[in-house]
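One chain follows as structure tokens, the form predicted on its own.
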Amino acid sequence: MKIVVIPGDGIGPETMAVAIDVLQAVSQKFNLNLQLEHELAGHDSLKKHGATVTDALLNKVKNADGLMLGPMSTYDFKDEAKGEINPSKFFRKSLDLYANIRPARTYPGIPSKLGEFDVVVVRENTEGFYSDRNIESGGSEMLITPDVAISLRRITRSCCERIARSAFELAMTRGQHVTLVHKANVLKIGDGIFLEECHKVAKEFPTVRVDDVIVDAMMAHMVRNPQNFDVIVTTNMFGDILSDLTAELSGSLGLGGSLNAGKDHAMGQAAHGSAPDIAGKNIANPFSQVLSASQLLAWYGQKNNKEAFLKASAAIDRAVEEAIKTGRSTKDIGGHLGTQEVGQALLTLI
């Protein structure tokens, strides 16, 4: 398996270094023959190439089997005409990575006021209210007058169908329960289409229990009884917000792995940002990046029917759980180790 590795900005090089060590460890243990090709994007690429991402980089990623993307300083990139392109958006759109898979679970060793839970948010990734990815060119957010702005949301049956299918296929490997999150009481047409397509797909999975919840009520349910849910599927913006909430409820956004997957390509990407205020201090939590690497291996294993990659993914997940359980973690989740030391601890547990 050939993986392009982009460390990213801020804390990205530190957390990605841990993920790389972990990938190399499981590659050796499970004979994966991983080939890691290191590339630049973000601020480093902007300095070297005049753009945060390039067509040459995209071609390399297309010819690889997967991409590991570190956190990017996306807030800094405002003018695409000056090469300031959001790398995450660029790859999601260019590779049609329509499913953002965001697991969130509690871990022994991190106190939880909500009890144990294990959920996955399956977020549509290519349309919705995101103005930079739902039309062919330009943006769908417009300033009509200095005091009037209009934002358009695109919802298509094809995108709803495929994200629903991703959720139901995932549920078959877990608790066979899917919750549809929407705002169809107000967004009657767009979320109405989303619900219709989800229920169509549900008919192909008769053993999966299905319910639907309005998004604001869902937030209340998650902070009250998160253990009542298994796989949650929703549209882009609702999923963006909900997945951050579920990760934080598990103990920290730094525990939230993230996979952006399409039909032919996938990108492991930490759920958090680049955190420039703590960059270089050896205190960043690397678990999100490591868990994202685990998801990428599992995706590849499932896609190509390669059991060794599934075993490697499971080994990474177990190592993370054991590290957290025994306090071998960063201070933000109650541990006492630095970023590099957490990485060294993980290698002893794989």
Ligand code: NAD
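The first residue of the shown sequence is 1; numbering continues from there. Everything numeric here is computed off the predicted structure, so don't read it as measured data.
Absent from the display: the form predicted in complex with the ligand. The rest refers to it.
A.B. asks: Would all three of I11, S88 and H272 be in contact with the ligand in the predicted bound form, where contact means some heavy atom lies within 4.5 Å?
C.D. replies: Result yes, every residue of the spot touches the ligand.
A.B. asks: Spot the stretch among 69 to 77, 195 to 203, 209 to 217, 152 to 160 with residues whose non-hydrogen atoms come within 4.5 Å of the ligand in the predicted bound form.
C.D. replies: Stretch 69 to 77 is the one.
A.B. asks: Would A184 sit within 4.5 Å of the ligand in the predicted bound form, counting heavy atoms only?
C.D. replies: Contact with the ligand, no.
A.B. asks: At 4.5 Å between heavy atoms, is G268 in contact with the ligand in the predicted bound form?
C.D. replies: G268 lies outside the contact set for the ligand.
A.B. asks: Give a yes/no on whether S294 approaches the ligand to within 4.5 Å in the predicted bound form, heavy atoms considered.
C.D. replies: Result no; S294 lies far from the ligand in the predicted bound form.
A.B. asks: Does D277 reach the ligand in the predicted bound form if we count a contact as any heavy atom within 4.5 Å?
C.D. replies: Close contact exists here: in the predicted bound form, D277 approaches the ligand to within 4.5 Å, heavy atoms only.
A.B. asks: Considering the ligand in the predicted bound form, which of A284, V320, V53, V26 comes within 4.5 Å of it through any heavy atom?
C.D. replies: When the ligand is considered in the predicted bound form, the option within 4.5 Å is A284.
A.B. asks: Within 4.5 Å of the ligand in the predicted bound form, heavy atoms considered, which of L95, L259, V120, L253?
C.D. replies: The option sitting close enough to the partner is L253.
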